[in-house]
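Heads up, the chain below is alone and in the form predicted alone; it's given as structure tokens.
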Amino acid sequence: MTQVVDVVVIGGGQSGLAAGYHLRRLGLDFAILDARQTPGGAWPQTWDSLRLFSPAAYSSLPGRLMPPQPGEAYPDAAHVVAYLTEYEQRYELPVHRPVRVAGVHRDGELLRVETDSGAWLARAVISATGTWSRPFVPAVSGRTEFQGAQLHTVEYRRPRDFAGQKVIVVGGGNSGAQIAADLAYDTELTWVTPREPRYLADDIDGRALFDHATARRRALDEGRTDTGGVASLGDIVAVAPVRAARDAGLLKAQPMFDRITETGVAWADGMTAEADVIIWCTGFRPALTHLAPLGLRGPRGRIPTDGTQALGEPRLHLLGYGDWTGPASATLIGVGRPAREAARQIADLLR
């Protein structure tokens, strides 16, 4: 059976919920389609020790402050899941799950969203599927020859799973630093980064990062000099576990290796490192396969946008994929503003 609504939101994580909040306030008829079995977006799949970069009050979606987690200055992933679950219920957001979207197609004046449980027709679509389902692993010589285990960030959970093993962690961003810090005490760790790790000042957290990203977007919109955004400050937020491991001398990064061998990795100068496990903390790509039927992909696999609105299809908005769809829009605190603008633009379009 085909269902008809004003707006279909694809993805029921933080970005989809923020969009739903604003669509509800504007009185639009909408449905949120979520492929996951339970609320919380990707947060239930993160590693056990993950903490937010900001205190709870600075990690909130629109309309509802995240309550503090007792005994924790920076909430853990389980607290975030509980908050998102309560948020969904509080605003009675119409989330349908599990519903997996196969493709979005033009259908005259409407967009047709094909799913594994039937089709939806909508006057506008918001894609808020994030990146977690598209882990990226770089092409490195010899990767298929390695006889040990290879994991990506999405598969890592806890250090005890690797106790006593030789582990190579690849990646110089936040996930690489945090997972390396997690493993520094109970494994024989080799941390590999493409360049020397760049830590942000110890007193910088997500609040400052959001302000910096917003200031950059304002400067670009006003035609002023690019401030460089968050990347100009560094690559790694020095959360407490990372600071502790770094200050104890346990986070000494090696440059990127040249090839992978059957038993480990090797550098051009002849240095080698043995490994039982390689963990790739090498980022993600936007999960946009469902939009392929619209033929909108541009350079680097992205869909060109003006803010959140797709340039090639004004009925489509993309939300939460990073700065290209709104300053800090992949964060809890940052997604509210672009979600509001997307909802307003859709309301104007439908009028």
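Note that this is a predicted model, so its numbers are computed, not measured. When you see a residue number, it is the position in the sequence shown, counting from 1.
Here the subject shifts to the form predicted together with a small molecule, a form of this protein not shown in this document.
Annotation: in the predicted complex, residues 33, 52 and 175 each come within 4.5 Å of the small molecule through at least one heavy atom. Only one listed stretch (181-189, 274-282, 98-106, 118-126) carries heavy atoms within 4.5 Å of the small molecule in the predicted complex, and that stretch is 98-106. Remark: residue 42 counts among the residues lining the small molecule in the predicted complex, judged by a heavy atom distance of 4.5 Å or less. With a 4.5 Å cutoff on heavy atoms, residue 159 does not count as touching the small molecule in the predicted complex; it lies far away. Residue contact with the small molecule in the predicted complex: residue 338 places no heavy atom within 4.5 Å of it. When contacts are judged by a 4.5 Å heavy atom cut-off, residue 327 does not count as touching the small molecule in the predicted complex.
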